[in-house]
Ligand SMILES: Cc1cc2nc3c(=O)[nH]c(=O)nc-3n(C[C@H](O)[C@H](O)[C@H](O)COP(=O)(O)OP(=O)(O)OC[C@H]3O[C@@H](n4cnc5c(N)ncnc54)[C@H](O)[C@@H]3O)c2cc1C
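Only one chain is included here, represented as structure tokens and corresponding to the form predicted alone.
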């Protein structure tokens, strides 16, 4: 029996709701209309119908195995008896079960966090891995260095403490790395088009992963001698071991991705030349690997370095030699990486200088805490104004004390100098880690791409397409220095856009999604349970080497921690990319269109298909659908 599905020509739909009424009358399901925005048109009605995905995310996300794919017709079926409504409480299910858990809504990549955590709680680690990789191909990396906004917004904190989501993700990812045979997703039909990825950081690698998954011939061009971008050159091994990054690179190789190092686009090759070589689309993911100058007197003295230069030296086995008293200027994650690395390399009196207060440091709280555990001083409200040297080498920093004004219109307090508060600090070396910029030599004069006033590439914020239609960009090259997970999310969105572009389809339709985040979940059935502490290397031991500081959870702890999830929403509802899955509040069960599966066997047609007055609903074998049905979907 051929695969059967249902599709709609949105251009012909007049929004009469006849299909919805017919479906409800026949099945009594709580399914309803969706409001969508297509391009710049006003919101319009869209019938709900299951797309019966080949690798249905709802089936993958369901921890109860209540959703299956019928072998012959490939129809996605829901077994209501096995569905437990994701622990919905009768009479108290509430509208939140149809909304999105904040862990997913606040994740830049919108990983189905509740889904993979629930799967992990039942020991279904392979299924959890596959679910994560639908949105993030590198769980072992993010399980270590992600700033985990999912945890910061976890509703479990209304009971006790947030779930250790990042630690669970790391356990699932590391389990795959240790497997004798790693999970390699099924590659779709191989395509003839070639795509060039410029830069091999998290955004470029993510884009390469999802394009390779679609079957494209992908080549990564990296100007450095090593792959991985900031993952390899910018993050110290005590936070992200190099073997983890190499393992993920190896997976991409097995997926058919070609990787070329020591090739600087704009110098060794141009985009115009790559076009002549047959590349049909480009994704620029060059990151932000240049450091701006401080712009103060004495900056040309010897012994003054920039943070990225210092970290690159360490990560390539060529550390810069410093003395005991090392001042690191800055308050971001790079500054803390630098000072903690310097401490490990023997600079016992390394310290931080930051012009604002500790509360306003942009570094992650755990980084600041670990810095304190390692007894590294953080001198706040201190601004360097001049470097003082002798014989061409820095020997001291002249600083001024700062105070913070009242918050301005942006809500941030501005630091201002305190008059007559100047003082000096003796130093052996200085490392400035005050920001990062992109090097745009890859854009030759004939390129029409434009930069923003911030020095980032101007792209459409939804599609990531630049002023040149075949050039897309993401990560720090577009956002400025941000997080790994944001870069990964851009890589995936870039891959989606490139696929649509190469298929000649609209890049915008169906991609503008607003998540209604659950704020008051069911809490009645959950008792306070302590959050499991993440094992860490003793501070006295870790300052002597670059061994990984945070350790992974053992299996028992990972399962125990996953069980702390309070299942804010419904796993299948959150997993569905088309907003088809619905939650019936009366029965506390999930409901969905099953293509009138029982009618199919009897040679009958669905009520929605039969009643549609404009005949915009198509039912049957997709190969028999008119070509225009696929356009714009």
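Numbering follows the first chain given and starts at 1. Since this is a predicted model, take the numbers as computed values, not measurements.
In what follows, reference is made to the form predicted together with the named molecule, a form of this protein that is not presented.
Note on contacts: among 342, 288, 329, 489, the single residue with a heavy atom within 4.5 Å of the named molecule in the predicted bound form is 288. Taking a 4.5 Å heavy atom cutoff to the named molecule in the predicted bound form, the contact residue among 265, 432, 459, 245 is 265. Note that among 143-151, 344-352, 376-384, 418-426, the stretch whose heavy atoms approach the named molecule to within 4.5 Å in the predicted bound form is 143-151. The named molecule in the predicted bound form comes within 4.5 Å of a heavy atom belonging to residue 234. Not displayed here, the named molecule is kept clear of residue 176 by more than 4.5 Å at the level of heavy atoms in the predicted bound form.
In the predicted bound form, the named molecule lies farther than 4.5 Å from every heavy atom of residue 464. Within this chain, residue 281 is remote from the site of the named molecule in the predicted bound form, having no heavy atom within 4.5 Å. Contacts to the named molecule in the predicted bound form (heavy atom within 4.5 Å) from stretch 418-442: 436, 441, 442.
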